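Quick heads-up: it's one chain on its own, the form predicted on its own, in structure tokens.
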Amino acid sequence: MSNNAIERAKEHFGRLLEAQLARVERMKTDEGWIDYAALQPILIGVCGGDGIGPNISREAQRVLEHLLRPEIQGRNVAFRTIEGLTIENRAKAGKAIPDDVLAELKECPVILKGPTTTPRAGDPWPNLESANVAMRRELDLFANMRPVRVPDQDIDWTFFRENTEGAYVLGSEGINVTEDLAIDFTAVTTQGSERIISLAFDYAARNAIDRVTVVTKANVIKTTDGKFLDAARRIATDYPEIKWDDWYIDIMTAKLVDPKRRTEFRVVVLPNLYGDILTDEAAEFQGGVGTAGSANIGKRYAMFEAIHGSAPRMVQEGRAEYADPSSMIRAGAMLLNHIGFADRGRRLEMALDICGNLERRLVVTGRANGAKGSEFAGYIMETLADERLEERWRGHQPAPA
């Protein structure tokens, strides 16, 4: 019995190795970056997802259409609704992303996506892979970029989380070798590490940021985390103007809550699992995961989303209209920056800071004692129309030390 179990495990591992080596070869022949300026129009696909997803996606789209009205009227930008990325449809198809939905997604170089449900033990759904993980793999969205800004605490962090490797890329490919032994896998490549770390250093250089922090657990996870850290050492030599340091994930989680140290961090790059954990912690400073947006970037596609879940209980209790759309709208600001409208993206970020953190004339609580999501989106658009928007924002910034 033991020998048979070992042979089955070897065969399973062999298939995983073949697939990962094929992925390495594809990365070696990657095409260049897409040129959004050459697209006519830039097609933005909108997937509502599950639970509160359709509600908050609708409000984010409304704000984006408000900001992009001239381009929409000039047919330089267009929105397309993509149905079918619901848990019901995915369960019926037996796939994380049904084939027809994936085909539609691949027609849109830019995607705005609401949260989707990932089944877990005890759910009434089949044990499907995460739609997020599948989309990142299918569209090669290798960089997860998450900004966290709290102006009145002098926090300005941008996290670059590797999106297609590490513990998550093979998260559904573990094996129960025997009833007593389960093995999961993690995979790290030279190419995957170099491209996410290069993107972080490029971002720092473009934005005149003089520090990049690399987070691993390479003192214990010596081979895979060690490869990631070695890649950082090589790439850092190409950016002599940028200081870089490395921290272990356990102490880094502590330093984010250290008021003496946390404001020193600016750009942080880290493998997939650590990035998932650390960015959720970081989002708490901004008001929680409900306020944080996320960009998933590849060379040909980019997907923008909230970092929180689908909140099915809110729907069950009839509270979906009170869901906070801040996370999706903040993802929309990142979308604007990415496709070439950085000035409007910056104004939207300032409006979100004013409405969500600084002035808070309307407060979303998730219940009827707070504002509806549509009312909060209206508050943001009203703030965007104020010619004194930047002056209002700067009035809340901390005085120079």
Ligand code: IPM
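Numbering starts at 1 and follows the sequence shown. No experiment lies behind these values; they were computed from the predicted model shown.
There is also a form predicted in complex with 3-isopropylmalic acid; it is not shown, and the following applies to it.
Among residues of the shown chain, D202 is not one whose heavy atoms approach 3-isopropylmalic acid to within 4.5 Å in the predicted bound form. 3-isopropylmalic acid in the predicted bound form is approached by R161, whose closest heavy atom lies within 4.5 angstroms of it. At a distance threshold of 4.5 angstroms between non-hydrogen atoms, R136 is in contact with 3-isopropylmalic acid in the predicted bound form. Residue contact check for D324: none of its heavy atoms lie within 4.5 Å of 3-isopropylmalic acid in the predicted bound form. Highlighted residues T118, R146 and E305: every one comes within 4.5 Å of 3-isopropylmalic acid in the predicted bound form, counting any heavy atom. Only one of S130, T186, Q191, T253 comes within 4.5 Å of 3-isopropylmalic acid in the predicted bound form through a heavy atom, and that residue is S130. Residue Y168 is the only one of Y168, W157, W244, Y301 with a heavy atom lying within 4.5 Å of 3-isopropylmalic acid in the predicted bound form. Only one segment in the set 211-219, 78-86, 120-128, 305-313 has residues whose heavy atoms sit within 4.5 Å of 3-isopropylmalic acid in the predicted bound form; it is 305-313.
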